[in-house]
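Here we start with a single chain on its own, the form predicted alone, put down as structure tokens.
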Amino acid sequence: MAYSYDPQNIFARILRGEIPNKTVIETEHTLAFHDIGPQAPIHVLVIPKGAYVNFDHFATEASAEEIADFTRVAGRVCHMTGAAPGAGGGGYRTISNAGEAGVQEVPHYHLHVLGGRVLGRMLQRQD
């Protein structure tokens, strides 16, 4: 499948240093930073530095090094923020939205790490 990446999206601009961010951790392939409109006491975005539109694009086309780095950074974020149960936190949720039906707002793959409170149900049935 062909993916159309918009190099002017806000995350691409953050990666180029055009827009500041509050960095949590940065590696060769990944950037994690605090969300500017947090939906929970802990709300960090983890993004690959490569031009990937969504999870399936990243999972099928990123290198093994990019995938491993991204996954490890996401895990480190859970512990660094204190959200991980093993780090003394009560737990966390990770969310990745894709496409219009998934309500993806920025066309650059990103993983939300949320925690710091009970988050409630993820979805409500709509019959």
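The numbering used is simple: start at 1 and walk along the sequence shown. Predicted, not measured: the structure shown is a model, and the values here were computed from it.
Quick note: we don't show the form predicted together with a small molecule, though the next part is all about it.
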>> Check for me: heavy atom within 4.5 Å of the small molecule in the predicted bound form, for each of 33, 43 and 106, yes or no.
In response: yes
> Going by heavy atoms within 4.5 Å, which of 35-43, 83-91, 56-64, 69-77 lines up against the small molecule in the predicted bound form?
Replying inline: 35-43
>> Please tell me whether any heavy atom belonging to residue 25 falls inside 4.5 Å of a heavy atom of the small molecule, as the geometry stands in the predicted bound form.
In response: no
>> Quick check on residue 119: any heavy atom within 4.5 Å of the small molecule in the predicted bound form?
In response: no
> At the 4.5 Å heavy atom threshold, is residue 14 in contact with the small molecule in the predicted bound form?
Replying inline: yes
